[in-house]
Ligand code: DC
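One chain comes next, on its own, written as structure tokens: the form predicted alone.
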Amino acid sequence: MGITIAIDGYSSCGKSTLAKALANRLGYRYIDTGAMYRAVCWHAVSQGFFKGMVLNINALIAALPQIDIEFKYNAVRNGSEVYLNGQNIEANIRTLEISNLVTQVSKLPEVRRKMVALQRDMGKQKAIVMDGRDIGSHVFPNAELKIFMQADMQVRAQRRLQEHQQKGENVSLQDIIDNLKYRDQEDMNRSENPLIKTADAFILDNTFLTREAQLDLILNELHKRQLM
């Protein structure tokens, strides 16, 4: 049946990279919960619920019952992509615009409750790796392995900058640092399920670790705990 692996941590710490690699190695499903909140944010933008940086909260809450999010595997990319109401929006949600707006959406209790319900439904059968901000603390508090990821701010910003440059986007390093600081503060201080390090989480600081070293570290931890 497998186990549930919950990965939490700050933005641009490589949560999804590790989660994908871990799921691939174990033959588990991978769910990027951050993409779910980005999908809701993109819907709010596309429907005109944002006026500049100001969100029409009531309009978004009213639209929540009509929002359906699912993940579909893309064999060409060898990974899952996000679909909102049947539309592939994977590329739409990875922009700096969405990064700058998503915390206004993700901190809303109504949005979080809907996403948590969807996430718990996705994880009923276990054999899943799920990453986000409140997976080990709230979504799956009984997960067999909880991981909390962190890294130096400059390293995190450089990683995010490289992602944008690879997509041909012209973004400054300072804009990314400002965005990461803002999102950290919002994640840690929101009223609904804030980002926290649970006492039973395995702390993974990957400032100086390669992707391969991180994966090996977690696989060793699974062996130590006799979870695989």
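Remember, it's a predicted structure, so these values are computed and weren't measured experimentally. Quick note: we count residues from 1 along the sequence shown, nothing fancier.
Absent from the display: the form predicted together with 2'-deoxycytidine-5'-monophosphate. The rest refers to it.
Peer 1: Which residue, A157, V102, A151, V82, is the contact with 2'-deoxycytidine-5'-monophosphate in the predicted bound form, using a 4.5 Å heavy atom cutoff?
Peer 2: Here the answer is residue option V102.
Peer 1: Within 4.5 Å of 2'-deoxycytidine-5'-monophosphate in the predicted bound form, counting heavy atoms only, one of 83-91, 140-148, 106-114, 120-128 shows up; tell me which.
Peer 2: Comparing against 2'-deoxycytidine-5'-monophosphate in the predicted bound form, the contact stretch is 106-114.
Peer 1: Is it the case that R183, even though its partner is missing from this view, gets within 4.5 Å of 2'-deoxycytidine-5'-monophosphate in the predicted bound form, heavy atoms only?
Peer 2: Although 2'-deoxycytidine-5'-monophosphate is absent here, R183 would touch it in the predicted bound form, with heavy atoms inside 4.5 Å.
Peer 1: Y37 versus 2'-deoxycytidine-5'-monophosphate, in the predicted bound form: is there a non-hydrogen atom within 4.5 Å?
Peer 2: Because a heavy atom of Y37 falls inside 4.5 Å of 2'-deoxycytidine-5'-monophosphate in the predicted bound form, the answer is yes.
Peer 1: Please tell me whether any heavy atom belonging to R190 falls inside 4.5 Å of a heavy atom of 2'-deoxycytidine-5'-monophosphate, as the geometry stands in the predicted bound form.
Peer 2: Contact check for R190: yes, within 4.5 Å of 2'-deoxycytidine-5'-monophosphate in the predicted bound form.
Peer 1: Pick out the residues of 115-149 whose heavy atoms come within 4.5 Å of 2'-deoxycytidine-5'-monophosphate in the predicted bound form.
Peer 2: Counting only heavy atoms within 4.5 Å of 2'-deoxycytidine-5'-monophosphate in the predicted bound form, the contacting residues of 115-149 are G132, R133, D134, I135.
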